[in-house]
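The form predicted on its own is given below as one chain in structure tokens.
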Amino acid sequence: MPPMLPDFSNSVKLKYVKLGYQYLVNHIITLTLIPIMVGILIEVLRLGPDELLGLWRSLHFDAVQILCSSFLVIFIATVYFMSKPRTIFLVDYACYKPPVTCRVPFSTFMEHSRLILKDKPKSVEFQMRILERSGLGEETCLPPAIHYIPPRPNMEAARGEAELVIFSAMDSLFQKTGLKPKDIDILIVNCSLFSPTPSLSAMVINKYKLRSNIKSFNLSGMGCSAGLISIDLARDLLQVHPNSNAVVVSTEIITPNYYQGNERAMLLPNCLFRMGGAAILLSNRQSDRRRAKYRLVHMVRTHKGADDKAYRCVFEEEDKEGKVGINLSKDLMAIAGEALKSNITTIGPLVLPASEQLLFLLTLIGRKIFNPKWKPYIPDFKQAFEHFCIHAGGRAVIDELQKNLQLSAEHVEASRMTLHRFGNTSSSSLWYEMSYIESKGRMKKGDRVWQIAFGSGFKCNSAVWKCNRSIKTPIDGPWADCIDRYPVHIPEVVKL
């Protein structure tokens, strides 16, 4: 007897019930107003032209009433439009693509580790295990100073890396947008671990000879979420400076922060962090509306620094030998989960459709009143967004968010492929992911994008963008020469 096929009727019925519920709740106002409008129309048709004319004549308006009413309407409209926040447009952005000479295949990385840590075989073995499970590919890049044996993380080399990454990204942005350096009104540069004097923002001003009255800011020590903090700062500045633009540069300079000690918690960043950077042009000018790629819809920031464990979970310190490195706590994923939960609680009501909010509310009431053991309802964020850009901090971060937000493999594809091709580029990783989606030709007009970033402190930040126009597949950019190879299969363990 041939095996019986599974009965799909129940799941199909449940699917259509859910779709019907979503349509009913999300369009409840429309569905309520339609019968009311139909009733009014039928009643008007029943009155006839003579009765309608008599009703109109019975309404008495004098010149004073008309003038006062007109003035009130104009006043309310003026107050509304003046108090309305300015729309912030993302005109375009550019990501830095490291040269092939900086490439670090697994074999090269492990050979250097064995030579540098030749008296510490357990540390070498630990790094190999991390690299095997990291999700990184063979084409990630490290700055030239790290290629030496031993590495040469001096100030000159660090400045050299900063100039290479930042100036290359800025040049690409100028070329793509036609922006002239003298036209920049606001400049924001964020780099967490490298903070020289003069600052990196001053370095940019000096290189491109920017105006003397430019409003410049340099953010440091804010971790991998600093890119969205910079966007939030730019948004606030553009609200108070009309007819202006802002350039945001997000990067992380690896050279001075390569750990050469023996502490395992500090060796972990060596395996994950790689070269990268991005330059973004924002504007509040209505003249940029047509050519802008995206419009900023929401920005939500969550800071858990009041909690001691959260504050210390990503911590720069010296080891027992006096060597400086970044210590990643074992509690990092649990703390990131709590920060994400707080962030979602704030952003959910702003973006979720009414159907999801109602289900969440009913479940919450049920748990409070009837049974605390009821499983909490996880809102379906796939109804609020078409694309997800999750910070490519590591394989575990992407896995955890995919599981908690119930996302498909395609939803996290951009994050996984960015981690594989470029590694953890810190605050700029979100823009490599956005570029991946565009390079695949998936970004259409009206699509909504959710950027989620985590950073030391501990912070979880979210930005919501809406696509302003259908975006053509770019012919340049960081993915231009390899997008046809992606997505690739990433095994759980790559044996080295």
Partner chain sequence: MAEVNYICKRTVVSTKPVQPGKSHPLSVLDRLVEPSRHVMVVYYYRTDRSRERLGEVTQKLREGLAEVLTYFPPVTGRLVRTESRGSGEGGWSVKCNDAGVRMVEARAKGSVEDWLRNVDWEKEKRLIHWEEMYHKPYFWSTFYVQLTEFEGGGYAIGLSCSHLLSDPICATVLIKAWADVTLRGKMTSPPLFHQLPAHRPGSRTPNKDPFINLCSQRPTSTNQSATSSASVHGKHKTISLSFSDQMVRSCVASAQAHAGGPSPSPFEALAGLIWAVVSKIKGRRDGLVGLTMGLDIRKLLGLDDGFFGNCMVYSQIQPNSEENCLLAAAMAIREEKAKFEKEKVMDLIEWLEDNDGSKPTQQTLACSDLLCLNLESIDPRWAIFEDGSSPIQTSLYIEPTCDRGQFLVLPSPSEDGPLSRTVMIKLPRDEADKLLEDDLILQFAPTVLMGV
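Positions refer to the first chain, counted from 1. Computed from a prediction, not measured in an experiment: that's the story for all the values here.
Beyond what is shown, the protein has a form predicted together with the partner chain; the following relates to that form.
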Sort through 147 to 155, 297 to 305, 404 to 412, 250 to 258 and report the only stretch with a non-hydrogen atom within 4.5 Å of the partner chain in the model of the complex.
-> 147 to 155
4.5 angstroms heavy atom contact with the partner chain in the model of the complex for residue 101 | yes
Applying a 4.5 Å heavy atom distance criterion, does residue 396 contact the partner chain in the model of the complex?
-> no
According to a 4.5 angstroms non-hydrogen atom cut-off, is residue 114 in contact with the partner chain in the model of the complex?
-> yes
With the partner left out of view, is residue 105 within 4.5 angstroms of the partner chain in the model of the complex by any non-hydrogen atom?
-> yes
If we test each of 331, 138, 317, 236 for a heavy atom within 4.5 Å of the partner chain in the model of the complex, the one that passes is 138
